[in-house]
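The chain that follows stands alone, in the form predicted on its own, written as structure tokens.
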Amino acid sequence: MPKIRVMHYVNQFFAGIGGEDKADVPVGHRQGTIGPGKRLQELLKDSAEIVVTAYCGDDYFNNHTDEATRAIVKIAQDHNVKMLVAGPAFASGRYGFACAEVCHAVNVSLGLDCVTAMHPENPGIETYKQYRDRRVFALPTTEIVSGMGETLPRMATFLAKLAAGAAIGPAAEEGYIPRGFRQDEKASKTGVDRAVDMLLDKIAGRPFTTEIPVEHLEAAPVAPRIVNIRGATITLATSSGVMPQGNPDGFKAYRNNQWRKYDISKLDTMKGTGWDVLHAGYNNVFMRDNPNFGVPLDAARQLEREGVFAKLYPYYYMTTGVNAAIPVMQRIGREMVTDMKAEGIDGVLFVST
């Protein structure tokens, strides 16, 4: 029986290219195994064969996510692989995010089983949970690379099980990080009895497992007020999908993962000045007719002329977030704020949909 063909994804460090100085390396590939893939192949034995290793710099992937995932999917297609393994990423956030995105793209585009591994608190885990791909599995690791010796055998065992076509059970049984799926199964007790048992266990301090995990999102702190608004530089930001005609930066109307800022320095209004709208969450007709609804440039210019604030920043910030993964949008928000601070912006008028 022929071995299952597997592609391995690693970052620039584990590809042996370099560290942070090489984090901008674009997508590439090599035949066979490199880095941790060599040991992983030894552990897989005859159950599967890593025929190609794709790699990408962490910064390049995070800054060119769409381009990078398309290139990696093409490598998988060209090499006729039937399974993907990514990482392990341990606690590296950029690497973990890339592993989660690569697994999602390959699973959705090619329908392949995908396995990755990283620390449970890696930001990539939130991306993994948000996507909820049924055939993508993330195994837990230690925070640091010293856990490689115990992680690779578990990855190999899991890959071998998938390669053999065996059924994968619940996360608690198989050891992967749960994604929040609720599966029907027969129970020996009624729901009332199970709920009472869990309550009694909780009161007594005994361990128990809830049947309905509750997702908790971190609260965003309220920013302090601007004391001197008349001396402030203000910018406009929007998630309404207002962009230049033709969508030159390749935004997606659904599950978008990027942001941009566009020049409005010579404009007093958005209406009739060559803008388009891409957003799958509302009727775009009125926004296309008058983009000031999403980017209120006309009102902002009037306030600027009246001296309500000192200056309107010459660009507006734009993204769109229909059904996007929460960790992705959190990353976009952090990147926008970092840019705004670097540009000396004091306040933001954000228009949501």
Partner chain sequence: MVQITAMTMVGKQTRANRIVAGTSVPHPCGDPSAPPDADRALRKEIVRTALEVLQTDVEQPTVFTPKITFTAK
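Residue numbers count along the first chain shown, from 1. These figures come from a predicted structure and were not determined experimentally. The term rigid core refers to the most C-alpha atoms you can superpose between the two forms while keeping them within 1.5 Å.
The discussion below concerns the form predicted together with the partner chain, not included here.
Colleague: Using heavy atoms only and a 4.5 Å cut-off, decide whether all three of V108, W259 and T338 touch the partner chain in the model of the complex.
Modeller: Looking in the model of the complex, the three residues V108, W259 and T338 all stay beyond 4.5 Å of the partner chain (heavy atoms).
Colleague: Heavy atoms within 4.5 Å of the partner chain in the model of the complex: which stretch in 61-69, 303-311, 47-55, 31-39 meets that?
Modeller: So the stretch in question is 303-311.
Colleague: How about N283: is it within 4.5 Å of the partner chain in the model of the complex, going by heavy atoms?
Modeller: Close contact exists here: in the model of the complex, N283 approaches the partner chain to within 4.5 Å, heavy atoms only.
Colleague: Does any heavy atom of I144 come within 4.5 Å of a heavy atom of the partner chain in the model of the complex?
Modeller: Contact with the partner chain, no.
Colleague: When the contact criterion is heavy atoms within 4.5 Å, does A299 count as touching the partner chain in the model of the complex?
Modeller: Output for A299 is yes: heavy atoms within 4.5 Å of the partner chain.
Colleague: Is there a heavy atom of I234 no more than 4.5 Å from a heavy atom of the partner chain in the model of the complex?
Modeller: Result yes; I234 sits at the interface with the partner chain in the model of the complex.
Colleague: If we check the partner chain in the model of the complex, which of the residues in 337-353 reach within 4.5 angstroms of it by a non-hydrogen atom?
Modeller: The stretch touches the partner through G347, V348, L349, F350, V351, S352, T353.
Colleague: Look at G165 and decide if its Cα position differs by 2 Å or more between this form and the one not shown after superposing on the rigid core.
Modeller: Shift of 2 Å or more: no.
Colleague: Core-aligned, does S146 move its Cα 2 Å or more between this form and the one not shown?
Modeller: No, shifts by less than 2 Å.
Colleague: Is there a C-alpha shift of 2 Å or more at K271 between this form and the one not shown once the rigid core is superposed?
Modeller: Shift of 2 Å or more: yes.
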